[in-house]
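So this first bit is one chain, no partners, the form predicted alone, shown in structure tokens.
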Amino acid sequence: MATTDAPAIRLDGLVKDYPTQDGGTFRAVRDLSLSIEEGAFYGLLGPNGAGKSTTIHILTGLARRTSGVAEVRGLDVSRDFRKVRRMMGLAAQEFAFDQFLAIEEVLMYAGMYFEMSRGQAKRRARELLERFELAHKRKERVQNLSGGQKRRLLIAKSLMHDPDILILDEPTAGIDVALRRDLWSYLREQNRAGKTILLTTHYIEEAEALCDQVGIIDQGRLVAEGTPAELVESGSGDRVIVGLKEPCREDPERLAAETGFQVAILDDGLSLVARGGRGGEMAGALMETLQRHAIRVDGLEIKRQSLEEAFVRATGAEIAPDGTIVRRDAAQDRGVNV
């Protein structure tokens, strides 16, 4: 039996190794420990190749761990696989459908796999097809669906048996903005209804918008964890950037002492950057100080601390213009021999 006071998901010292062609070992997950409480919306954030999907595969029985603990509600994911699998719904990255089935049949077979009667499965399938705006396609073969429609079908399939724990592995990859926003709304609704959700994503905005707890994973390790606000506040605070009309000749240490914040002079003296506090407070103190020194200002910008900055600080990865996370060094994706 599951332990009633156990967390929804618990990983402790989780390790996953894969053999390589040269006789070595690629370590995809390294000593990963985290705990996800019942009813949480937890985001696992990281670049491609960080170990997110491998972790999901271990939890859902698609891969065997090398060592460590992986439990769902106190049940071991390997020894108690059948019980654990009933508790969870998985929407993986890959489209694992029979391309020649009608999409209503895909959902019905998924429901009957969890011992729903044919009638129950049909009713649940039509309910989900209606919610995901696929009802008009219910007799359509999977092979004729667009990428966005297949993504919606994948999520509907994960919900067929109404699981208490929903695991979504990059569910909005490759879908348009409108569909992404609709999915976000639905996931919030499911979480408010009591579902525990584990979401892996490489969209910073997605984690910030949805998750009440975020773990940042890089090269198989958990490198930071907390609420989005905690991760943001763990940095050096906001930045105030002041453009000057002429080069500043003042000693930055003197300006820092007068303002009470860290001050640096950049761009041959034409920019000042202040850190170490809230943007508005720093801006006011800096402007007063510059006025006393008769330093003329050309412009001022306050840059708020964000989850994106916390992520870059923790991993060193970069954020692409579309908001996706990209690896700072592609060579790191190859892993190391251990």
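These numbers were taken from a predicted model, which means no experiment stands behind them. Numbers for residues come from their place in the sequence shown, where the first is 1.
The form predicted together with a small molecule exists for this protein as well; it is not shown, and the discussion that follows is about that form.
Segment assignment from 271 to 279, 289 to 297, 49 to 57, 308 to 316: heavy atom within 4.5 Å of the small molecule in the predicted bound form: Single hit among the candidates: 49 to 57.
Would Q149 sit within 4.5 Å of the small molecule in the predicted bound form, counting heavy atoms only? Q149: no, not in contact with the small molecule in the predicted bound form.
Closest heavy atom of H202 to the small molecule in the predicted bound form, within 4.5 Å or not? Yes, H202 sits close enough to the small molecule in the predicted bound form that at least one of its heavy atoms falls within 4.5 Å.
I'd like to check something about N191: if you look in the predicted bound form, is any of its heavy atoms closer than or equal to 4.5 Å to a heavy atom of the small molecule? It does not: once the small molecule is placed as it appears in the predicted bound form, N191 has no heavy atom within 4.5 Å of it.
Might S158 be said to contact the small molecule in the predicted bound form, defining contact as any heavy atom within 4.5 Å? S158 lies outside the contact set for the small molecule.
Please pick, from Q262, Q120, Q213, Q93, the one residue with any non-hydrogen atom lying within 4.5 angstroms of the small molecule in the predicted bound form. It is Q93 that has a heavy atom within 4.5 Å of the partner.
Going by heavy atom distances of 4.5 angstroms or less, which of E105, E170, D238, E225 would be at the interface with the small molecule in the predicted bound form? Looking at E105, E170, D238, E225 one by one, just E170 meets the 4.5 Å heavy-atom criterion.
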